[in-house]
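Read the single chain below, which is given as structure tokens and is the form predicted alone.
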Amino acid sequence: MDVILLGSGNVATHLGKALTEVGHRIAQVYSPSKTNAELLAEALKAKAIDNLADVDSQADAYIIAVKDDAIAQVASQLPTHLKGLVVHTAGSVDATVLAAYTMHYGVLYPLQTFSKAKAVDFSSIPLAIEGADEATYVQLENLASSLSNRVFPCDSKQRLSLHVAAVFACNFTNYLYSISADILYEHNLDFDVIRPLILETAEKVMIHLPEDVLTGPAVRNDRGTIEKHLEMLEGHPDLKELYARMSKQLRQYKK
């Protein structure tokens, strides 16, 4: 397929590389920053553009990989009568956000966290897809299946639940790692000492349900330990409140 990549951030970068690796051609890369467009376009052997009026209307697919709030704005500035399907890559944005601009719209949502500094294997990334109609869905399924072995249909409501779950599992967890690191640093300990614990916890949920491997003082209802922890966090009222609230949630969850 000839693909127009609309965006130059983390998702666009990894998706563009994955598409070229399996034989698709990125014809253009758009970014409102010409420098960013040129950087990614050079890596993908594509043409860089910073004006949506210059988008080629004869491509097979237009992939909007920008922040959620900018999706409709980008779609509204695309040329009319595009040949190919138009999809966005967001988890929490309804597919119909594109309906006002094309009949052939859909969603290609990669359930993964991306950073430009770390390579990912797209073949193992779950891709949730949705199409405006059967023909669009089939076309999108063919595109997605060329990238990943884990492609599945997912309507906008289901995809929203996926995104919420992903925020809990990934974004919030990373934030908790940051809190852990700050507590360790404050007491002259290195984050490296806790990495084996993090790895063991992650490996457990690869083979068990999370609820089956919950542990810790809140799960055991070890009130003495919880009180000691809360006392240690006295100088950090926000963290103390967070610790108390999460401990309460854990106790209730295990009942």
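Remember, it's a predicted structure, so these values are computed and weren't measured experimentally. Each residue number is its position in the shown sequence, starting from 1.
Omitted from view is the form predicted in complex with another copy of the chain, to which the following refers.
The putative spot formed by Lys47, Ala72 and Glu134 is not touched by another copy of the chain in the model of the complex; no residue has a non-hydrogen atom within 4.5 angstroms of it.
When you look in the model of the complex, the only residue of Ser76, Thr173, Asn142, Thr96 with a non-hydrogen atom within 4.5 Å of another copy of the chain is Thr173. Just one listed stretch, out of 99-107, 175-183, 134-142, 78-86, contacts another copy of the chain in the model of the complex at the 4.5 Å heavy atom level, and that stretch is 175-183. Within 4.5 Å of any heavy atom of another copy of the chain in the model of the complex lies no heavy atom of Ile129. Another copy of the chain in the model of the complex comes within 4.5 Å of a heavy atom belonging to Gln158.
Of the heavy atoms in Gln58, none are within 4.5 Å of another copy of the chain in the model of the complex. Although the partner is absent here, Met1 sits far enough away that none of its heavy atoms falls within 4.5 Å of another copy of the chain in the model of the complex. Contacts to another copy of the chain in the model of the complex (heavy atom within 4.5 Å) from stretch 208-236: His208, Leu209, Pro210, Glu211, Val213, Leu214, Thr215, Gly216, Pro217, Asp222, Thr225, Lys228, His229, Met232, Leu233.
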